[in-house]
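First comes one chain, alone, set out as structure tokens in the form predicted alone.
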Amino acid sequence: MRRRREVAIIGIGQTRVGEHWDKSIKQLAAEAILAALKDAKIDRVDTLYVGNALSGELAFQEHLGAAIADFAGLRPIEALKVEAAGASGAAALRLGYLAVAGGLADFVLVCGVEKVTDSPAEKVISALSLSIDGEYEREMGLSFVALNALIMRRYMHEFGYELKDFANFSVNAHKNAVNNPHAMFRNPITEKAFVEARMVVEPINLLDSSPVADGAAALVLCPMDMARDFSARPVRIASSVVATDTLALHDRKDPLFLEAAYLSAKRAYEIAGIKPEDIDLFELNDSFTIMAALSLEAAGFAEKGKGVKLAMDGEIAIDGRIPISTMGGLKARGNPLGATGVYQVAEAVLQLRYEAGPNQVKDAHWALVQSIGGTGGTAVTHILEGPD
């Protein structure tokens, strides 16, 4: 078997997450791409992979790879859209990793982009439900939020938690977003505000939910043995793994366990040759607080039913045992769906390059980044290693 090449991230670019009514999806993507190319100190790449979940439904633009390559001045390179619901950006990174590792390309751009806020809320809610099982869950009237509410209610029943016990996931995310110039919500919140927030689908309230928003982020990849020519602090992709589970909750043996997240993390640790205790920070899926709790358990940082306890004990803070959502996470940085996985990696790169400012995790060397599509149907896990 041919030996794989080591892959490095040498450039990152991000737009502010929020409502960008004055910019098209192509403009957002190009802004992030140009920033990443500037950071990498190059002007051309071999391939572009675009992570996006809902451009056809909400931005009225498919054929997105070619559209963005053209608009960003990259034509006629190979350019393709990658879709895996909320894990689309991470899935695009997975393909970029394979292209460089397999020797098919030397320089690859990975861009995640989403444009949702031009559409009315009813249309966005309907589009979000495309990530769940269409024949049973969607057909029975369940929404994406409602499914997460069912999971959270069951978790509270099984393990004896109250709503206030989940508060620190959101409090921590908002605290970290204060120092992130790309974050949508840069305001701190309190436990009291969390508990008293307007209910969306009980027990999920407004401050439990991540806001869907517009945004774009980009990464530049190249072989590790070329990376030092372009970046003083290249970040190595130590492992890249995808796993899948059933889309429908009722088909799972245990609806309170993210099987795909567990399997992809387990394999990622094996490939990287490290264990959960070696990880310095974890950028996870906190689209809802229950997803953050289940992700901590699936990735090996807490026993089943103990993920919430980590938050209650303050272990998820920047100076805690396992810092999460270090730049605000989906909850406060904002959740631009198909772009989110690329934002997560860009933020982890900032940590590993020691460029995270007041949010810097001390001595950060290993970062775990995990994106989840739907309620766990797809999980993409990357482990990143910072330079010595």
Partner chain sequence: MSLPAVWRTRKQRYALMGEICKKCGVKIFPPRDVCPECSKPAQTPYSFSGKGVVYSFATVYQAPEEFEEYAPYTVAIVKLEEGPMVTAQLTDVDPEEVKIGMPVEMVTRKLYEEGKGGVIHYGYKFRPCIE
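Residue numbers count along the first chain shown, from 1. No experiment lies behind these values; they were computed from the predicted model shown.
Absent from the display: the form predicted in complex with its partner chain. The rest refers to it.
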With its partner chain left out here, work out from 212 to 220, 157 to 165, 231 to 239, 266 to 274 which stretch has heavy atoms within 4.5 Å of it in the model of the complex.
157 to 165
Check each of 104, 312, 226, 125 and return the one that places a heavy atom within 4.5 angstroms of its partner chain in the model of the complex.
125
Could you check which residue among 72, 146, 77, 189 gets a heavy atom within 4.5 Å of its partner chain in the model of the complex?
146
Contact test in the model of the complex: residue 196 vs its partner chain, heavy atoms, 4.5 Å
no
Non-hydrogen atom contact residue 135 with its partner chain in the model of the complex at 4.5 angstroms:
yes
At 4.5 Å between heavy atoms, is residue 243 in contact with its partner chain in the model of the complex?
no
So, residue 303 and its partner chain: in the model of the complex, are they within 4.5 Å at any heavy atom pair?
no
Would you confirm whether the three residues 150, 200 and 251 all fall within 4.5 Å of its partner chain in the model of the complex, going by non-hydrogen atoms?
yes
